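Here's a solo chain for you in structure tokens, the form predicted alone.
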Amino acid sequence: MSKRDFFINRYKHLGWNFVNVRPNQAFRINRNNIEPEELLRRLRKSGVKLEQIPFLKNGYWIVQSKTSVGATVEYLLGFYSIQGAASQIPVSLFTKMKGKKVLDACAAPGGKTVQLADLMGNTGLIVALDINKRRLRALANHLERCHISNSIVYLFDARQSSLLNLKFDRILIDAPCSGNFTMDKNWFNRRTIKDIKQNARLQRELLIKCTDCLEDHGEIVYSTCSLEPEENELNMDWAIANLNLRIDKIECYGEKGAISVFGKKLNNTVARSRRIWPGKTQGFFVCKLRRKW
């Protein structure tokens, strides 16, 4: 069996028949910087054809554009961020963001950091961490372009986040992961189960350390762009068994998380997570966690 067939067979066991897709390009309006109606008017006048994403408040698919949407005046002024449709979902799951203290544990290149600031109305504080110096520069540039004033950026490993000596009301763990085939045409040839299990261990380390920094009534949103259950449902099952966490119900695009994975029965509440199979969006996984009481 080829590596490609091996992974496709795994997806079939999880309930999805493989379709080789390339998701539509999407963007998100930064409402702190411009009213949506004004931005849409300006873009349409410039020949950009748009379609609102039905499951996102501020997200649009780019149907057609005469020029690169990453080179418009509106983009350079920070009126919108180019961000995949599914990638916009994790931050949208947080509640009551204004004035909160937020940890963006794996922040670069910054799309979700800007989205956090937009929901917060540039109030409160975002501590944005990443361990990749080159990607961190991209993050800083993104924040500057979008006029974000409530963020502090550190070259820092979130697995050492206890050293910050801070507790956070909201924590985003958009975890380093194995990715998926929609973003890399050579994905099937590059990935192995060994890689996936190694990433899952890293993700559990992040969950442990970030939970230590969570305020008692705080919220964690965990997400990956991986389709592999080791990095998603199996990690959530492990987290609620070992970290005194529970999974919140969420209402968002996607299918219920799998609670039967290759013969292993998971905690029923793992179904509250969402598995987003590739289609119009890229593949993604999201879950919202709180402390047990």
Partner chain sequence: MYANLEESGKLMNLIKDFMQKLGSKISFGSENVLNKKGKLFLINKKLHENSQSNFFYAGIYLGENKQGKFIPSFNLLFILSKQKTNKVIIDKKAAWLFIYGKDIFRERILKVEGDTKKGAITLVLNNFEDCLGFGEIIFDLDKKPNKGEAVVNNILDLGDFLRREK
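Values in this document were obtained by computation on a predicted structure and should not be read as measured data. Numbering follows the first chain given and starts at 1.
Omitted here: the form predicted in complex with the partner chain. The next part is about that form.
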| property | result |
| --- | --- |
| The partner chain in the model of the complex: contacting segment from 188 to 196, 131 to 139, 83 to 91, 171 to 179, heavy atom within 4.5 Å | 131 to 139 |
| Partner proximity in the model of the complex: Glu38 to the partner chain, non-hydrogen atom cutoff 4.5 Å | yes |
| Non-hydrogen atom contact Leu202 with the partner chain in the model of the complex at 4.5 angstroms | no |
| Ser151 within 4.5 Å of the partner chain in the model of the complex, heavy atoms | yes |
| In the model of the complex, Gly121 touching the partner chain (heavy atom, 4.5 Å) | no |
| 4.5 Å heavy atom contact with the partner chain in the model of the complex for all of Gly70, Gly99 and Leu164 | yes |
| Contact set, 256 to 278 vs the partner chain in the model of the complex - heavy atom within 4.5 angstroms | none |
